[in-house]
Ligand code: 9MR
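Before any questions on binding or motion, here is one chain by itself as structure tokens, the form predicted alone.
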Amino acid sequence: MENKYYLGVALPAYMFGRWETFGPVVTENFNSYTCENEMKPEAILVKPEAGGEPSMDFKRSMPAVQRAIEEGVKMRLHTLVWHSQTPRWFFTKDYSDEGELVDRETMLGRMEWYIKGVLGHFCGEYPGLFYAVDVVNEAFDVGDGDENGVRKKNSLWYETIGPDFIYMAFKYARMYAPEYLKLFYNDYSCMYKDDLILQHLSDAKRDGLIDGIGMQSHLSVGEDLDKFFSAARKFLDAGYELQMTELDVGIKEVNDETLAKQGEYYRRLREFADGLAENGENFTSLTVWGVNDATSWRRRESPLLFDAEMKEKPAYRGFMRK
């Protein structure tokens, strides 16, 4: 596939065991893989026995890694520091689910240990396979945040370290990442909080700790794409590398009209991405978050390029600009 940026897809581990079903479509259309869940902290961290220390186990991500190597495609690493899908025991003094939370310095040590270990494994064992990593995921939300909009609700990173956990995560990632690996901040609804994101990443940007912003791009038919495009341009103008990392477009009711509108959304999004790349903008990757509607986390909204029977939808034809 010839393109000026990576065209990617998110894949759960079980799809690699059913490659005869999903592989032909994946191989024909995409040159970048993202693990849907298998590289998140809860999939890697191993809870210690009483009195012991935690360890890491990467076997859940191995089907994706091995297939990527076999197919000659690259990968995005998703994600290192996230308030969700990170076990509570990792934040407690005795590594128990009900234990007392540790202090700031202890948690900073654990953060560094985790980031060093994950990057050391994936980039040390498979040099050059990964081109980007989501260092911090979904850290800003006015509704669930502190007075400055930093996510506070249900965030044990915030509770143990404080709002600068974001900066510290990028600091450690820069320390242990190889030069070729781009460090990203990744978030949803970026079109509604672009200024907030830029404000809070400015220190990391100033100190050379961050490379890019990932716009998750979980959209729905009816949303204002011009507002989405405006936010994307704002991030580029601020000097960030830009990627669309988790694209899907939901519809409320499936019929010929809504499917056609969904196809138009996908066409416009791909046209926008192509235009950025063709104009020499620093846009480097577009990832669709799943293969078909039946396996999507938004399956009730039929958000992807293929239907439950793996038949092409107008979304596919729009996205591939056919």
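We number the residues from 1 along the sequence you see. Just so it is clear, the structure is predicted and the values come from calculations on it, not from any experiment.
We do not show the form predicted in complex with the named molecule, though everything after this point is about it.
Open item on the list: Counting heavy atoms only and using a 4.5 Å cut-off, do Lys47, Thr106 and Trp157 all touch the named molecule in the predicted bound form?
Closed with: Checked in the predicted bound form: no contact with the named molecule for any of the three.
Task: the named molecule in the predicted bound form: contacting segment from 65 to 73, 30 to 38, 264 to 272, 49 to 57, heavy atom within 4.5 Å - done: That would be stretch 30 to 38.
- [ ] May I ask you to check whether Gln216 falls inside a 4.5 Å heavy atom distance of the named molecule in the predicted bound form?
- [x] It does: once the named molecule is placed as it appears in the predicted bound form, Gln216 has a heavy atom within 4.5 Å of it.
Open item on the list: I'd like to know if Gln85 sits close to the named molecule in the predicted bound form, meaning any non-hydrogen atom pair within 4.5 angstroms.
Closed with: Gln85: contacts the named molecule in the predicted bound form.
TODO: Although the named molecule is absent from this view, report whether Glu138 comes within 4.5 Å of it in the predicted bound form, heavy atoms only.
DONE: It does: once the named molecule is placed as it appears in the predicted bound form, Glu138 has a heavy atom within 4.5 Å of it.
Open item on the list: Given that the named molecule is not shown alongside this chain, does Asp211 nevertheless sit within 4.5 Å of it in the predicted bound form, heavy atom to heavy atom?
Closed with: Contact check for Asp211: no, nothing within 4.5 Å of the named molecule in the predicted bound form.
Open item on the list: Just to make sure I understand: among 277 to 309, which residues lie within 4.5 Å of the named molecule in the predicted bound form, judging by heavy atoms?
Closed with: Going through 277 to 309 in order - heavy atoms within 4.5 Å of the named molecule in the predicted bound form - the hits are Trp289, Trp297.
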